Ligand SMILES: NC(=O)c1ccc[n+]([C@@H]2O[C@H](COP(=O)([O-])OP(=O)(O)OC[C@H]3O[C@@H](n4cnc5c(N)ncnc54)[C@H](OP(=O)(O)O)[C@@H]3O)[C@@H](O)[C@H]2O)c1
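Consider the single chain below, provided in structure tokens and representing the form predicted alone.
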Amino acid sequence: MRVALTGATGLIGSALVRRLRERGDDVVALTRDAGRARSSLGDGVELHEWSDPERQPPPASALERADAVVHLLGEPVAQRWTADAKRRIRDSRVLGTRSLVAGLAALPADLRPACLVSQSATGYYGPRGDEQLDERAPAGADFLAEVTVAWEREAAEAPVARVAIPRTGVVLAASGGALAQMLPPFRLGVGGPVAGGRQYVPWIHLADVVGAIVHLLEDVRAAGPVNLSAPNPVTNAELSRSLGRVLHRPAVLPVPGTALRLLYGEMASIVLTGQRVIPARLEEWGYGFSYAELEPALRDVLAPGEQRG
């Protein structure tokens, strides 16, 4: 399979590149900086510069004759949400996807990929308490929900045989993501549940994010929204207890919601609210999770030295 990727040097993208190359697939990376991408991805990945994704379509040579495109490009959400940051978060997703779709539309029909896997997020659902959410649940109304609705709408316009839209949850990985931000206080023994800890965390191990995306590339039934989250979501309090056990540290000191709001502003809503997301379509299509339970996932992600503290 020949697969073109955007966001190939990010947390998910770099892991996906490794998996595809291990399988023997041809990988094409669209990047703003070919030199940095080469240093990050190594030899064996075909690179094409796409210098301004929000204002111009990607080069046709990167897309033509690809079997599929995986679109992972987007400004990091985990930053203080100033007006400018909100604009970057939205435009990088909405305008970047619009440009990609325009590039696909410009190709002759016989040279277009058959499949687009275009990233989205469980933020689509907005704050929903303990309501169980499969892919049929309606969108929320907060900032992230509005961004993901617009993001998905752009992807759905792609002129390809099928468009799969993975709504990815909180990714557990050793090299970055939300877990990396949680670890310092927990290693010091001052971690604990946030704002009471009743909010659900739609977690997923990085290996299952990659595995699920590969499944979406291969399964001709895979189209439309697909929840990428483990089948056993947990509350923030349960996550705190599990992380404490893995690190052999206490995890009982509560973190007030007001403190997070003072520190992060509106962005704190990511941690203070949550979604009880269920991967109904992945399970229907027979995807087998490598990490369906939280504690084994955390033990795998954390190096032995980190587990001992």
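Note that the structure is predicted; figures quoted are calculated from it, not measured. The first residue of the shown sequence is 1; numbering continues from there.
Although not depicted, the form predicted together with the ligand is the subject of the following passage.
With respect to the ligand in the model of the complex, the three residues P53, R93 and T168 uniformly fall within 4.5 angstroms at the level of their nearest heavy atom. Using a 4.5 angstroms threshold between heavy atoms, I12 counts as touching the ligand in the model of the complex.
At a distance threshold of 4.5 angstroms between non-hydrogen atoms, R245 is out of contact with the ligand in the model of the complex. Proximity of W151 to the ligand in the model of the complex: non-hydrogen atoms within 4.5 Å are present.
In the model of the complex, at least one heavy atom of E75 sits within 4.5 Å of the ligand. Only one listed stretch (118-126, 187-195, 131-139, 214-222) carries heavy atoms within 4.5 Å of the ligand in the model of the complex, and that stretch is 118-126.
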